[in-house]
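Only one chain is given next, in structure tokens, and it is the form predicted alone.
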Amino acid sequence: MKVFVFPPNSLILADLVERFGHEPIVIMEEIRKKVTTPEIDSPPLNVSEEELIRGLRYVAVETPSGIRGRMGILGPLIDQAEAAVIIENADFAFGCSGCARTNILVKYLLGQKEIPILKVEYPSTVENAEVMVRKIVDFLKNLSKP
């Protein structure tokens, strides 16, 4: 099953999803495509016209270009999602897309889909971290495998 990971660049969550037999949907794959494409002519994290145009499917034209560009990458990933794991209030070091408004929109769009979603709070103690991982593992085990 394709599981959207939020924050979308969390290697920790991506690894956990993979360990339980699911495909993590993460932004790193999309960024890798930009970096390894021969015709790249600007830094790989810059917003391109293509992302801006694609982002219009998810946000209005008046939306700032940074949000449109991010949604041009994240939107199609959300469309693929068959389930999602969302860590609320995650520390920046855990994985951050760099834009609070985009994060709100991503969570909203995921909520609009009729897919299983697990929302857990970012842990502040070792005990809370263990509980968080247990909840994620239980959620992933209960998802039907592809």
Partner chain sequence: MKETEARIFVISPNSDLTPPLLYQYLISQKLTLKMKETCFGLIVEGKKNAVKELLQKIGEVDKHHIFSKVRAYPPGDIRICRASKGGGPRPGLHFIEFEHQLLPLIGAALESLEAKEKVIVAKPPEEKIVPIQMIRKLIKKHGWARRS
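All values derive from a computational prediction rather than experimental measurement. Numbering follows the first chain given and starts at 1.
From this point on, the text means the form predicted together with its partner chain, which you will not see here.
Although the partner is absent here, Glu29 is a contact residue: one of its heavy atoms lies within 4.5 angstroms of its partner chain in the predicted complex.
Taking non-hydrogen atoms only, Gly21 never approaches its partner chain to within 4.5 angstroms in the predicted complex. Proximity of Val35 to its partner chain in the predicted complex falls within the 4.5 Å heavy atom cutoff. The stretch among 75-83, 62-70, 99-107, 116-124 whose residues place heavy atoms within 4.5 Å of its partner chain in the predicted complex is 116-124. Within 4.5 angstroms of its partner chain in the predicted complex, the stretch 58-77 places no non-hydrogen atom at all.
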